[in-house]
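Only one chain is given next, in structure tokens, and it is the form predicted on its own.
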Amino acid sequence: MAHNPDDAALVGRCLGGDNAAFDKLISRYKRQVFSVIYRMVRNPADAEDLAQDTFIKAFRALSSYDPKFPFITWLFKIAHNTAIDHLRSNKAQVLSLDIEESPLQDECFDQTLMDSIDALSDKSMIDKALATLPPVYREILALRHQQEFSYSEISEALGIPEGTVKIRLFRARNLMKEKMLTLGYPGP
């Protein structure tokens, strides 16, 4: 994801008392934040509330933002934590973060699956398959393939090591492949 150099300037203006600068940041990122949260909670009303909470938390913590890093990565970390807190408070099942290492080749994931999914014209089938995945896997697929975050950006946003990002993506793609086959997609 491209780093927008204007973000740091807007944060600086906001810290100087210009609240309109934060409104510009909200306008710039509200759809992306909503989208990532929605992929986790699967409820539009909750996602809207959580996106709003994310921006309130971001505003309150703005002085902790480090302009050396993309603002969106910092913001997504807040969104992720807000959604996870919501899921936990609603006693939704969140997968354990104790993921054992598995032998993976860094860039050798099932890319043909993702190419096939991207090429599918039936978006509802993809949404149905995604909806059945645990929130942790929906989120990581959304960050990687919808928001086009790099592994390091996902690692930063979720506060997990890059190796864990790769493992979760591998597992999420395999689960997605199984779900797509279950829904009748013949596969690549």
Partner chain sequence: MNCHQAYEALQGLIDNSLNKKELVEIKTHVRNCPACKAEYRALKMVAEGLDRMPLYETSPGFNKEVFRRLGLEYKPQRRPAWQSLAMAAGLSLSVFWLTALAAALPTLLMGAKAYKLTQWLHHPELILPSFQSAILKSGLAAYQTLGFAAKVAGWLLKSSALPTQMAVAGLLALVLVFITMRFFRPQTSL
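Being a predicted model, the structure only gives us computed values, none of them experimental. Residue numbers count along the first chain shown, from 1.
The discussion below concerns the form predicted together with the partner chain, not included here.
Not one of 4, 74 and 88 places a heavy atom within 4.5 Å of the partner chain in the model of the complex.
Contact check for residue 152: every heavy atom lies farther than 4.5 Å from the partner chain in the model of the complex. Among heavy atoms of residue 11, none comes within 4.5 Å of the partner chain in the model of the complex. At least one heavy atom of residue 145 is located within 4.5 Å of the partner chain in the model of the complex. In the model of the complex, the partner chain sits within 4.5 Å of a heavy atom of residue 27. With contact defined as any non-hydrogen atom lying within 4.5 angstroms of the partner chain in the model of the complex, the contacting residues in 33-52 are 34, 35, 38, 39, 48, 49, 51, 52, given in sequence order.
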